[in-house]
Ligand SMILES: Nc1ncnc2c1ncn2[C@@H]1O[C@H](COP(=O)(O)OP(=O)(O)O)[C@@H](O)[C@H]1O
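As structure tokens, one chain now follows by itself in the form predicted on its own.
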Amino acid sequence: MAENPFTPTFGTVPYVMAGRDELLSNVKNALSRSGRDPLLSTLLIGARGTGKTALLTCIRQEAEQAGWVAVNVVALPGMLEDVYEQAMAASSHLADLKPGRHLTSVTIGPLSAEWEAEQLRQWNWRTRMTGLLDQLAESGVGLLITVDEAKADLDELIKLVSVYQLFITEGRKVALVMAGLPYQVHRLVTHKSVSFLRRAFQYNLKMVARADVETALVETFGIGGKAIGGEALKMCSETIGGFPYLLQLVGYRVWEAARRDETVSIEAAERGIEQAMSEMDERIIAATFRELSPGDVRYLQAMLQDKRESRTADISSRMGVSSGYAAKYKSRLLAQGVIGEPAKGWVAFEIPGFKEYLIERISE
């Protein structure tokens, strides 16, 4: 029996990366060019579950296939040393990059010499990275650094970005791709110390088109030896709502529910969807809700009266506040990826199931 082909685990690359083909193709082209391409400095922006980590992994794979050295870190204390050590390890096949030794003193009669390992010399991080890049350049190899969970309040990340800018100025073959939640990336690009990031390519991970969702479902179920179509496919795609993580989670649970069958039935789809949505509430929606302020929740409550989109003028009226006051919370919620702005003056819930979760919380 075939294995379940869906991958709802953190950071795992799906067999079919729905809706991101154009970005990956453009990144692949950028890595193959010798000149400076804007895509070599990219910010991936999206709410939880929009596939940021999986995309970072795909981009690293593309870089390695193009002959680059690629390293990945999470924005946490110690990340700079992690970048250097990973790069050293990944470059070891290109040249002898082990720390050398140098002569520190010589004494005559009797003759003796003292040697100090190069690694004991107190080079700063930029100097050590420069030496590494010099040696990579001798082989015509570039260095890609990917950073997940980017945040502006980490000094090491600010230093990384600042030094990266210097590497670009020096004409070095380097690339930096970072991923983060919308409000974190917004804080980062507005940080006065790294203002050049505002010119980096910013890719907002929007919801995947329904046609792409259905194509990915059909192809991935096929990899797992099953067929899905008709009402079962429609039920799954409507539940997923274009949310990449939910695509993998619904697909995984529905495949398990239909494990013994060659074709996914409506009954199996219903069972799988019910279990997937329960897990979605726990892993994505509840975690996002806990980060909201009372004012954020109040704004969202004012949206509940509407079936789909809400007019911002109606929201401020229901809240009993000025449009300017309500706009503050609108901006916060947009930045966190909780709501979207389908048209000027209109907003809508962006995360599938969040509206229903909020209704349940209010009724408790």
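What you see is a predicted model; the values in this text were computed from it and never measured. Residue numbers here begin at 1 and follow the sequence given. Rigid core (definition): largest C-alpha set, two forms, superposition within 1.5 Å.
Heads up, the form predicted together with the ligand isn't pictured, but that's what we're talking about next.
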TL;DR on 46-54, 300-308, 320-328, 334-342: the one with heavy atoms within 4.5 Å of the ligand in the predicted complex is 46-54
Just to confirm, residue 12 within 4.5 Å of the ligand in the predicted complex by heavy atoms?
yes
I'd like to check something about residue 18: if you look in the predicted complex, is any of its heavy atoms closer than or equal to 4.5 Å to a heavy atom of the ligand?
yes
Can you work out whether residue 7 and the ligand are in contact in the predicted complex, taking contact to mean some heavy atom pair no more than 4.5 Å apart?
yes
Residue 244: heavy atom within 4.5 Å of the ligand in the predicted complex?
yes
If we check the ligand in the predicted complex, which of the residues in 193-231 reach within 4.5 angstroms of it by a non-hydrogen atom?
none
Superposing on the rigid core, does the Cα of residue 284 end up 2 Å or more away between this form and the one not shown?
yes
